[in-house]
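Encoded as structure tokens, the following chain is the form predicted on its own, with no partner shown.
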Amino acid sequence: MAGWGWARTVRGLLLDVSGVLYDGGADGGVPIAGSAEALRRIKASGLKLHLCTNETQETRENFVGKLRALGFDVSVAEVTAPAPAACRLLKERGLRPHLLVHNDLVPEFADVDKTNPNCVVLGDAAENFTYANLNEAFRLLIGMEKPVLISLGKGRYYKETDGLKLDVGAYMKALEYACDVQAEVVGKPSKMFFEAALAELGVPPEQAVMIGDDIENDVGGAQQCGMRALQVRTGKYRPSDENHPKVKPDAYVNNLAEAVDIILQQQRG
């Protein structure tokens, strides 16, 4: 296929999860057609594979368990997620977080000192994004001499089976505005986060491709790190993404299965 010659040099794939492999939902979600088989084909081809997700509603162990129940052959070692990266950052800097995250994510922070908080960690808290909880985080931040707000992503919205949902970025912006603070983003599109995923993948950026449904966080973030990036027309994709003023994917594909078909065809030469 014209314009895909670069795919011959690809040695590894980074995949977003929600919107690429499956659409989440209250019942655990549903796989996107062809995605489980596409994952098997990637592994059988010998290409390296790693999942790069901003999922912050549950631990990696539970997240992988859900994916396996949906038919995806993945392990915890194949997933880069924001919470473990945030825990490393907190320990390195001696930060004690007040957590505004989903209840199911709290166990990820079990080994982190949370007494007398000197920062706020924000994740996709879903139903925990109440006025009272946001106001508590605001009061802590506004009372700090040097407020530290760490966000486990900056997505605007995501898609579940019952429609689009506000993501953590909307609440991050509210706290930034109210407290006159700049959040430190740990998940996508943070360059540090993508570099960690590439290190796990074991492939240099010029030989890796990111496949995601988020034009800014997946595609734009990956390209800033020197990777190729594809946008799927599944998940949160909207036709207006194709006229984005700043981010231009290396290609659009209808779904993960189509991307894998083309990449493997190019690999065969």
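These figures come from a predicted structure and were not determined experimentally. Position 1 is the first residue in the sequence shown; the rest follow in order.
One more form of this protein should be noted, the form predicted together with another copy of the chain, which is absent from this view; the next part is about it.
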- Answer with yes or no whether G163 is in contact with another copy of the chain in the predicted bound form, where contact means some heavy atom within 4.5 Å. yes
- Does any heavy atom of E92 come within 4.5 Å of a heavy atom of another copy of the chain in the predicted bound form? no
- Task: Although another copy of the chain is absent from this view, report whether D180 comes within 4.5 Å of it in the predicted bound form, heavy atoms only.
- Result: yes
- Can any non-hydrogen atom of R238 be found within 4.5 angstroms of another copy of the chain in the predicted bound form? yes
- Query: For the chain seen here without its partner, which of 107-115, 190-198, 84-92, 166-174 has a heavy atom within 4.5 Å of another copy of the chain in the predicted bound form?
  - Reply: 166-174
- Within 4.5 Å of another copy of the chain in the predicted bound form, heavy atoms considered, which of L99, V148, V79, L134? L134
- Is every one of W6, V10 and Y22 in contact with another copy of the chain in the predicted bound form, taking contact as a heavy atom within 4.5 Å? no
- Query: Can you tell me which residues in 137-166 come within 4.5 angstroms of another copy of the chain in the predicted bound form, by heavy atoms?
  - Reply: F138, R139, I142, K154, G155, R156, Y157, Y158, D162, G163, L164, K165, L166
